[in-house]
Ligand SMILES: Nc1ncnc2c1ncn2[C@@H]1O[C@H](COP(=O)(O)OP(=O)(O)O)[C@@H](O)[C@H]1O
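The data below hold one chain only, encoded as structure tokens and taken in the form predicted alone.
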Amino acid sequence: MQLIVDGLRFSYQSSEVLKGVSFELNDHEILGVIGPNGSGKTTLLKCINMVLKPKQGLVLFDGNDVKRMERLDVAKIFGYVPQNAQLTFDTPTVFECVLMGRRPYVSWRCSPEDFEKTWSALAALGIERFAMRRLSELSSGEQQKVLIARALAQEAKVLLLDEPTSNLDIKHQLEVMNIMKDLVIFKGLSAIVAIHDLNLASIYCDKLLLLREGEVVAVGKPKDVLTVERIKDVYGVDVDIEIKDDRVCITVLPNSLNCSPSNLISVNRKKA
């Protein structure tokens, strides 16, 4: 499997959000997409699976132009896991939500194979016990597992995860990231994950793509992308970096934003 993104551009009306983004993803790889808020991470994921149509550029899966594929064929390649579950008043059960992942393979009605794949996905995420519960009844971490199970039932080749650890505590962050890593290793998938936590990105991702205002600043191994100078330049904060077992450990330095208590008091007095 090889995914090539070449020169991707996208605009919301007159505002260009992606400005020639290019990278490659290979078998059993996890690519972390990092960058400040508004740098184009979510838009990039949506352009890759053609939820949004790029203005320019190519997305090639094993040499095939994704833009020319039928919608259901694209869904057999990419499993999109949004940042938060879109809940309505009458939310589906967990089983129904995961079964929706079988949509690319269903003709008139679900087959025994579709039900089997759904139960298998639930088991892989360890959430069979939630099968008959409403999605809205679950915690944020549990909902995230359901959305990943749906992508797994979809039998996608590439998982696209949009900030899967947002609003989760430390334990559930690690749980979700470990699940992603296990799926890549044991299910033979690849993954692209938009993520804010640079330390988690360094631990779990094979490569990083650093974006700023829709442009690629750097792409490569975490230890090559995450440097003191680059983080200062892109994020505007001072950090200390330590390399442990080829992984980057980042510590934000105190007062790197010049927001000491005395400064905050001074600002508040000016406002008053």
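Counting begins at 1, following the sequence as shown. Bear in mind that the values here come from a model prediction, so they are computed numbers and not experimental data.
One more form of this protein, predicted together with the ligand, exists but is not displayed; see below.
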item: P36, heavy atom within 4.5 angstroms of the ligand in the model of the complex; value: yes
item: K207: touches the ligand in the model of the complex, heavy atom cutoff 4.5 angstroms; value: no
item: I250 within 4.5 Å of the ligand in the model of the complex, heavy atoms; value: no
item: Interface membership of G40, the ligand in the model of the complex, 4.5 Å heavy atom rule; value: yes
item: Stretch 6 to 27: residues contacting the ligand in the model of the complex, 4.5 Å heavy atom cut-off; value: Y12, Q13, V17
